[in-house]
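The form predicted on its own is given below as one chain in structure tokens.
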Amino acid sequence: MSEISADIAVIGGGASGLAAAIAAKSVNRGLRVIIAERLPRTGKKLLSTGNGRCNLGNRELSPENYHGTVDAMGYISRAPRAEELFRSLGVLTVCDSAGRLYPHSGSAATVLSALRMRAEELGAEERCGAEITGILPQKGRYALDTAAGDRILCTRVIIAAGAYADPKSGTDGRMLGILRKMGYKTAECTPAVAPLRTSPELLKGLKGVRAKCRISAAAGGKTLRTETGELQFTEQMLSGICVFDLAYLWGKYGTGLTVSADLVPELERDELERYLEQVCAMHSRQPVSELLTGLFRRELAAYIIKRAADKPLSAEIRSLKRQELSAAARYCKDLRFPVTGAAGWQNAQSTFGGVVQSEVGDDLQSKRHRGLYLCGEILDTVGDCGGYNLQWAWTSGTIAGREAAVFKKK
């Protein structure tokens, strides 16, 4: 077994870990900072964000964009925003109409290269293939054991190891297990920024269909949140960014959660019924399968008619009863799906849950162990889809890194 000594060991070489190492070395270049990364290379998860374009932040940030016990915005107000941070690293960003920030190159590789290059320039050391299996406090310092049998000795530790989402990127929750054994309180973890499951029976005939709509989540008769966007249907799940932003609610409400799609948000219910009456008058001898083809693609139009009317699709439109037209309008405005679960961790972009706010201070230092800091997804906050989670990674990593760099050992 070999021993390596460092001032600061950063566990995890993802977004928050790289930000932490850069911040620490920027404050004090004389510190020896080691990044212990489980995978053969740092930053793998970054390369897949934003469909390879890296949605690295958002200009429009508010408390409503974050969910969990950790006050994300309270920390974000004390650190550079993504645009400023990456300009300091030589990366020019562009902003779309929704406030989402991307590198000008349109490539996530630009972002990762800039982070790794700056960390290297400052003298931070990468130790890849170094999976940390234990954290042992030892009289004012820490011993970090690796799966390979080596040990890293340091006075400060920054835990940036992620949580459960996207395990192929090296984040499978093992570090949360270690922290729980050390006594840390964690909120239950569930997939977030992910598709939601519903009954496959309710999705028959909809696979591959996309529909712009207003989608709401409700529980106990109360609407919890409403989003607008493109709803996507698969054989077992509801998907699309508008669904991703509701997924964290599964962790709160479980099987009591229902999502409802308003497929014609620009019309009120009575307006829609009058429209359908006009269609009936114009096309009375056409098959009922044509009733909604002026609104939706054929698969979705047929699906709604099948749910609203007990008639074969070949029956004539004039055969529809008043209550069947009303039912069709109701399904168009309130197409409900009971939520039975979220997609598995392999299809989740982030984690709802983690180490709770009461375990860390304003400097993200542990209240249980001096010199131990936590940042990124391992903490109990999750952002909406649209760059919010990467902003949290940059913010929390920067704060943890700079605070660790000025840590005074008592």
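The first residue of the shown sequence is 1; numbering continues from there. Small disclaimer: the values here were computed from a predicted structure and weren't measured.
FYI, the form predicted in complex with a small molecule isn't displayed, but the following is about it.
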With the partner removed from view, which of 130-138, 306-314, 325-333, 255-263 is the stretch that lies within 4.5 Å of the small molecule in the predicted bound form, judged by heavy atom distances?
130-138
In the predicted bound form, does residue 395 have a heavy atom within 4.5 Å of the small molecule?
no
Is there a heavy atom of residue 50 lying 4.5 Å or less from a heavy atom of the small molecule in the predicted bound form?
yes
My question is simply whether residue 401 lines the interface with the small molecule in the predicted bound form - judged by any non-hydrogen atom within 4.5 Å.
no
My question is simply whether residue 67 lines the interface with the small molecule in the predicted bound form - judged by any non-hydrogen atom within 4.5 Å.
no
In the predicted bound form, which of the listed residues (31, 34, 348, 372) lies with a heavy atom within 4.5 Å of the small molecule?
348
Let me know the one among 195, 170, 103, 251 whose heavy atoms come within 4.5 Å of the small molecule in the predicted bound form, would you?
170
